[in-house]
Structure formats: structure tokens, C-alpha cells
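Before any questions on binding or motion, here is one chain by itself as C-alpha cells, the form predicted on its own.
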């Protein structure tokens, strides 16, 4: 039964809508209302032809996909193993995963820069020197993926932990194992389908984090989408705001696409069941 919305809830929803819609509406008005020329959409029509737009957006999307893959490959087996084999270590892992929230981004970047400088100076005669060079490739900076994985840990851990709390993982794994499934197969075929919602939430949060992250990329000298918007804003204010509005819409579209894909698979599995 659908829950009835009380006046208090309508008021909260209205305030939330105003909080998001007022700045968005003001941004759109700023981009289309040119003093002396009236309403024009030049700021939006010139976006695709602006130098660096496509490359920076593709770079951010590639970084987001890589970050989501790496952080889920790390955290899903760890979270399941923690729940099955060492539940007493869960507070320790929770504290470790929450550390990126209390470490300022500038301090985090300073640590990364120190390591990147220390490596070439002390490992220049070893094969590891090429590793330090490769992870700073401008076409696909792996060092950003590593940094984003660390920054996404708090959100991914929370999402997976909430999902695992709602599932009897031990019973699922024992049932799969009793049917002859190996540990990896039990994890993939029995546990992961029941964590679809948690995996989608973790992916949503990581995608939003990577698309909007600025400090680390800027200070390390790379140019993903957020940094490109900042650079454009220095000379073309309306273009910068127009790209920000467009990026917000693109992010929403990607999140809705992921939610739709997850919902479609869930309905298919439910229909088969």
C-alpha cells in the first residue's frame, strides 16, 4: 500500500526541491540570457565544438568505469570474507575505510606527490621506474584510478555493508558449497545476485565521485572533465556554467541508465523465479 504523504512530508519535499531547483534554474537563466542579445542558446550549441570537451568527458568516464571495477573487485570479496570468517574485524575495516573522509584532499594529494617524486629518484635503475612513468600516462592516468579507489572506499563499504546485513550470506554460501560450487562460483552465482542493489548504489556513488572530483586531478596535473570545466570557466563564464548544467544532466542520465539496467535484470530474475 502506498504511504500517504502528510503536509509535513510535502513541506520537506518542497524545501528539498527548492534547494536543488533554484540554483539549477538560476544557472540555466545565466547561460541563455545574454545582456543586449536576449535569449540565446549559443553557450550550449558551442559545447561540442569546444576544444577538449569530448576528450575530457571520455577520460572521466573511462576513469569512472575503471574505478568502479577496481573498487568492487577489492571490496566485494573482502566484505564477504569479513562477514563469513572474521566478523570481529569489521570495526577495524570500517575505521580504515572511513579514513578518506577525515583526511583533507590536499594532504592526500601531497602524499601521492611525495611518493611519485620519491620513486623515480630512488628506483631509476630498476624496472619499477617504468611503472611510475606508466601510471602517470596523460591518456589514462592510473594514479588517478588508485586515488579515486581510496576516496570511494567509505561509500562503497557502507553500501556493501548495508546490502550484506540484509542477506544471510553464510546460508547462501553453505547451500552453494553443498551443491558442489567452488568458493568463487558460490560468490558469483549465489551471493552477488542478492547484492544487486548494494552494488548499484556503490557504483552510483563512485560514478558521481569520479565525475565531480577536481582537487586531486588538478593538483596532479591531469585534465578530466571537472578540471576542463574549471579551465573553460576562466575565459568563458557562460560556457563553463552551461557545461556544468550539461554534466549534471549527463550524470543523472547515467545514474538512471544504471538504475534502469539493474531494475530490468531484477524484474527478469523475479519473473523467472
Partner chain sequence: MTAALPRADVAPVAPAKRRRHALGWLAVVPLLVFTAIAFGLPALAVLDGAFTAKDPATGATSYTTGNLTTSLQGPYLTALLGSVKLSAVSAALGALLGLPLAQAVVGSRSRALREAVLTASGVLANFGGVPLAFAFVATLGNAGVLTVRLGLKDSGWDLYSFWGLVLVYLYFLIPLMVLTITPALEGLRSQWREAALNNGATGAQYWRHVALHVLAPSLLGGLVLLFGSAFAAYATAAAMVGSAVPLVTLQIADALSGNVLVGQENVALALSLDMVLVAGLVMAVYLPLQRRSARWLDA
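Computed from a predicted model, the values in this text were never measured in an experiment. Numbering follows the first chain given and starts at 1.
The same protein has a further form, the form predicted together with its partner chain, not shown here; the description that follows concerns it.
Using a 4.5 angstroms heavy atom cutoff to its partner chain in the model of the complex, all of 75, 84 and 226 count as contacting.
Although the partner is absent here, residue 233 lies within 4.5 Å of its partner chain in the model of the complex, judged by heavy atoms. When its partner chain is considered in the model of the complex, residue 51 lies well away from it, no heavy atom lying within 4.5 Å. In the model of the complex, at least one heavy atom of residue 240 sits within 4.5 Å of its partner chain. Though the partner is left out of this view, residue 44 does not reach within 4.5 Å of its partner chain in the model of the complex, counting heavy atoms only. A heavy atom within 4.5 Å of its partner chain in the model of the complex is found for one listed residue only; from 195, 190, 159, 153, this is 153. Exactly one listed residue, out of 167, 123, 175, 93, brings a non-hydrogen atom to within 4.5 Å of its partner chain in the model of the complex: 93.
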